[in-house]
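Next up: a single chain in structure tokens, the form predicted alone.
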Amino acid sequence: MSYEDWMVRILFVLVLPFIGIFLGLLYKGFDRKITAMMQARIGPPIRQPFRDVKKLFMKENIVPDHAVPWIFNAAPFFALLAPLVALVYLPLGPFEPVMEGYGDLILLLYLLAIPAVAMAVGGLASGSPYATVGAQRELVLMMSYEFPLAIAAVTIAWKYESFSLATISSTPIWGQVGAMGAFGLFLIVIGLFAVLPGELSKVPFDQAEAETELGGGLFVEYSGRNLGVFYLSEAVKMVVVGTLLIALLFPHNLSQWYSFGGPEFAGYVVLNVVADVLFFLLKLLIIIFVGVSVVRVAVARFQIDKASYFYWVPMTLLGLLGTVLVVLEGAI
């Protein structure tokens, strides 16, 4: 790799965190506005998440007397760091991942689990009984939704014979299967969309926070900068999970079907890149709308045992059935 290529990669690594944070807060604003409209409310302006973060970072950062200070303060930053690192392994629209390798899909699954673990550790370190209950719920939920997510990832990787996300996203999987495999993939898609609100701790899978039961649960003792960093972590993770679903299932670009022509820059046709980026942002908005906004409006919060059962039994069996159909089609 040439010196220029390394410089471009370093530049992307420096810029990606700001892109991820901006998109995360923007889509969080869209989610809140759309949810309000579906509930016949006016709702906050789309820019409200930006205001929330600004206000939190201006507030005093309080550490409880009964907390373990260094763990309490470190947990939010680990929760934010993991999804920011995950961004460099994800294709964003027409742009290839900044970093890639054979096992980056497995690495992404581990990175997605870190924020939940960090929140649980931070809650336990706060010393609050409400946060302790919230931490236990978060860990139970994480162990529940990780299984159907792993089943979907392994099935798709098996079909491509590769755990490289760049390889998987280079060719849409729907063109690699027949009718039986397509139905199996459709079942896997249902499971992945069911995992989405659990990964993001959204209703009906926000048992770890549960304001009406635990007063905020994991975050009951957090304030100021630390709470703001957790807020950013949740926003960036929304972008990461949505982008992962796009890379696995819907990696299509508009320029694959129609070329807009026009001038070129650094080997890219500018108008094609603009169209592909806008198409990527639209796909991300649709995934968040279907997997988060609609679900949180239509379904009330589950009890933690029912949430765990939902992932361990119906969604796991659905994912395994989809896997069997994909594998059987490949064997016929």
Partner chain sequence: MSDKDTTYQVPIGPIHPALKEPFMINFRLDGETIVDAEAHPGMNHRGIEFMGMHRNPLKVIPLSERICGICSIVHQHMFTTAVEHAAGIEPTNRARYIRTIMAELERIHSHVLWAGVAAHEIGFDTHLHFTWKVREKVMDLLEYIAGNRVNYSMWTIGGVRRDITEKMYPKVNETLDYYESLYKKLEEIFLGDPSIRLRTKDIGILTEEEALRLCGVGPTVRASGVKKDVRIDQPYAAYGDLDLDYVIPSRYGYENTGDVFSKTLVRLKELVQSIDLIRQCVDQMPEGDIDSEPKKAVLLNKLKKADGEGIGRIEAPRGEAFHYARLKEGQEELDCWKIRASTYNNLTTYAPMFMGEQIADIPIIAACIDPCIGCMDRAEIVEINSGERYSYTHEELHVLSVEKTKKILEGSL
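Since we're looking at a predicted model, the values are computed, not measured. Residue numbers count along the first chain shown, from 1.
Keep in mind the form predicted in complex with its partner chain is missing from the figure; the text below concerns it.
> Pick from 41, 54, 47, 66: which has a non-hydrogen atom within 4.5 Å of its partner chain in the predicted bound form?
Replying inline: Result of the distance check: 41.
>> Going by heavy atom distances of 4.5 angstroms or less, which of 189, 133, 99, 117 would be at the interface with its partner chain in the predicted bound form?
In response: Of the listed residues, the single hit is 133.
>> Against its partner chain in the predicted bound form, would residue 246 count as a contact residue? Criterion: heavy atoms within 4.5 Å.
In response: Although its partner chain is absent here, residue 246 would stay clear of it in the predicted bound form, with no heavy atoms inside 4.5 Å.
>> I'd like to check something about residue 214: if you look in the predicted bound form, is any of its heavy atoms closer than or equal to 4.5 Å to a heavy atom of its partner chain?
In response: Yes.
>> If we define contact as a non-hydrogen atom of the residue within 4.5 angstroms of the partner, is residue 277 a contact of its partner chain in the predicted bound form?
In response: Heavy-atom contact with its partner chain at 4.5 Å: absent for residue 277.
> Applying a 4.5 Å heavy atom distance criterion, does residue 203 contact its partner chain in the predicted bound form?
Replying inline: Close contact exists here: in the predicted bound form, residue 203 approaches its partner chain to within 4.5 Å, heavy atoms only.
> Would 146, 283 and 290 all count as contacting its partner chain in the predicted bound form, using a 4.5 Å heavy atom cut-off?
Replying inline: Not a single listed residue reaches its partner chain in the predicted bound form, so no.
> Among 232-240, 75-83, 165-173, 205-213, which stretch has residues with heavy atoms no more than 4.5 Å from its partner chain in the predicted bound form?
Replying inline: Only one stretch passes the 4.5 Å heavy-atom test: 205-213.
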